[in-house]
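First comes one chain, alone, set out as structure tokens in the form predicted alone.
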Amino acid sequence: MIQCTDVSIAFQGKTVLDRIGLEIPDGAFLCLLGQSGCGKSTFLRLLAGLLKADSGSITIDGREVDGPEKACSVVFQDYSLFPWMTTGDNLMLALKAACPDKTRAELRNLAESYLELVGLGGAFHQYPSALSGGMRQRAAIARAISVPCRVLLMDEPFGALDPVNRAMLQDLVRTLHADSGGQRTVVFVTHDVDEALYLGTRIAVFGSSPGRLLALEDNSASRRLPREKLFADESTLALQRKIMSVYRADMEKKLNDKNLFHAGNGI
């Protein structure tokens, strides 16, 4: 269980997150959904222990997060691969730290299998500079999912990918989570409503200025139905409409607060 209680943080005097209260059950796939600038990535870094909240607390299994969290594996937006190491060695470095009892040959086999899983078979000896942006992101995802961690944090990991690879990796992450049997919790940042509906078993909607929790919704249909049936399902369509309504209400409130919106007169 991840427990966030009244979590707030500010940068240069500006409140970025305001009293976030959120419980993430073990085995959940929580999508953090919100527009750019609402503090989703900041919240993810707080969960990983890479930032410290100004007030409030975050605990994992009752233990307060007060530094880089070993229970978490993170996929950032910017790939975060070591450029002086080959793609395979980047994976093996993470695997060696997580699986110190395995031999180098075993680690290499694992690294190669996970690269194959994300469509990068044969890229083991290539350096990140030789890969496209989408390929580097797939390598970073392979590294993250190869580590046997309990919590996987993903910060808009598919943003740099073309539609085909994006769909393929959505399917992969969804399947890996389902196959974990509740042993892995995923927190996934996105601004794409349909992506959240497809992946998330729960969806947290953030508002901005400052970042705050607007809604928290269960999404059981995401594991009952395949992609081609999910978006024809009435419960999914109703949740989609509800999320968009929350977005509109938040946007109208911000515009009204700034005296930019006047009923019937536009902006």
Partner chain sequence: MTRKEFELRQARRDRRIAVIGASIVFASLIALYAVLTDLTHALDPVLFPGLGVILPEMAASAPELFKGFLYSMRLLIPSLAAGILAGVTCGLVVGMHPKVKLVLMPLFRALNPVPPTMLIPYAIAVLPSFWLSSAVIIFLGVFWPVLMSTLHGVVMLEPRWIDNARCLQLTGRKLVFKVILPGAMPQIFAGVGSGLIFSFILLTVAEMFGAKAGMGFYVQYYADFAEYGKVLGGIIFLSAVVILLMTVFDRIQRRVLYWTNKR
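Residue numbers count along the first chain shown, from 1. Keep in mind the model is a prediction, meaning the values are calculated, not measured.
Not pictured, yet referred to below: the form predicted in complex with its partner chain.
Of the heavy atoms in residue 103, none are within 4.5 Å of its partner chain in the predicted bound form. Taking the partner from elsewhere, residue 72 is found to have a heavy atom lying within 4.5 Å of its partner chain in the predicted bound form.
Residue contact check for residue 78: one or more of its heavy atoms lie within 4.5 Å of its partner chain in the predicted bound form.
Not displayed here, its partner chain is kept clear of residue 164 by more than 4.5 Å at the level of heavy atoms in the predicted bound form.
Stretch-level contact analysis of 111 to 119, 170 to 178, 82 to 90, 187 to 195 against its partner chain in the predicted bound form, using heavy atoms and a 4.5 Å limit, identifies 82 to 90.
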